[in-house]
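In structure tokens, the next block holds one chain alone, the form predicted on its own.
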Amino acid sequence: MSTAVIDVAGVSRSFGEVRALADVSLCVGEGELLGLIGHNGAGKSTLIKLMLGLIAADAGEVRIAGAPVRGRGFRDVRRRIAYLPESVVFYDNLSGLETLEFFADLKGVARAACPALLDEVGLGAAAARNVRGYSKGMRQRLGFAQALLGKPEILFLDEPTGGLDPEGIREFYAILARLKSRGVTAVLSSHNLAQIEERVDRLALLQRGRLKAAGSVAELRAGLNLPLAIILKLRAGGAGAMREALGSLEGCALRVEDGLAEVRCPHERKMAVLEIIAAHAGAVTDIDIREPSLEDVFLGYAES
């Protein structure tokens, strides 16, 4: 991993009798996009607020760009950080442009940067409209625009695509990819596992306040050794040949119905299965290999 921009070391936090985080340690490298996943109440938002310095840890330490978040030096680092909370609230009587200009003044950013930012997040045509007339997705876009004011180097995004339609989600991740290419480091939490599976560098899975696992999707899959599925579309009369060829293969499970055969097998048996299928290619018209999804991985760790 590249130089650690975010370093969380042994952090714990409780709210009364509720243990929100317990001994969490995590590093995020420069230019890395880290996804935080976990059930509701797993501690994702609490961890983000600790990394922002909005709340204090009961134990452990958080450093951003080398500065402790509770130290004096963090004031300068904070200027390089942006945050998009899960629920964004604006003054309804201001237009989109006036809202962004308001935040630009607070951040000490030139107002001239606001129209281009609204265009970038897809709100250029609605810049003069009052925010009271914005949909939830439009408010989310406006929140993203205010987070991008001042060209931050570190982004914290809490459920950033809530309320966005498919086009808005695609545009959001396209912007995030451009920021990443410039070296911006980002941490985002999401409940939509399918959405982030191919878009983050690494994942951190929180369960009941503890870090259950961290790594790339491939690394998390390997840690569980979940079976993959090989789906075969069969020719007429091909079911018998597949049952005979694959039915007794050690460590694998075969299901045949409605002209399809599904073989579930460990990764280490994949080539053996494919060799058998190739030897009976006349019985097959199509093949699809499906790796365990991020949802499968998430549930596997949650139940382990």
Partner chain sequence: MALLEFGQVAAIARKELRERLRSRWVLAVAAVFTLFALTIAYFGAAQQGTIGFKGIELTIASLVSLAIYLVPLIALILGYDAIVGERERGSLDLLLSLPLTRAELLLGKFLGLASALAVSTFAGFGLVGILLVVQGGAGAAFHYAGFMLSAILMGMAFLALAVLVSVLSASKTAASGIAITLWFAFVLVYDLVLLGVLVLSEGRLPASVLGAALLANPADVFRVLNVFSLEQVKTLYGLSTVAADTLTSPWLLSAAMLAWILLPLALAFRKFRRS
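Note that this is a predicted model, so its numbers are computed, not measured. Residue numbers count along the first chain shown, from 1.
Omitted from view is the form predicted in complex with the partner chain, to which the following refers.
Interface membership of L106, defined by any non-hydrogen atom within 4.5 Å of the partner chain in the model of the complex, is confirmed. Proximity of N130 to the partner chain in the model of the complex falls within the 4.5 Å heavy atom cutoff. Using a 4.5 Å cutoff between non-hydrogen atoms, G122 does not count as a contact of the partner chain in the model of the complex. The partner chain is not shown here, and in the model of the complex it never comes within 4.5 Å of any heavy atom of E167. Picking from 33-41, 266-274, 238-246, 47-55 the stretch near the partner chain in the model of the complex, with a 4.5 Å limit on heavy atoms, gives 47-55. Proximity to the partner chain in the model of the complex, defined as a heavy atom within 4.5 Å, holds among G209, P85, P227, G150 only for P85. Exactly one listed residue, out of Q140, T185, Q146, S189, brings a non-hydrogen atom to within 4.5 Å of the partner chain in the model of the complex: Q146.
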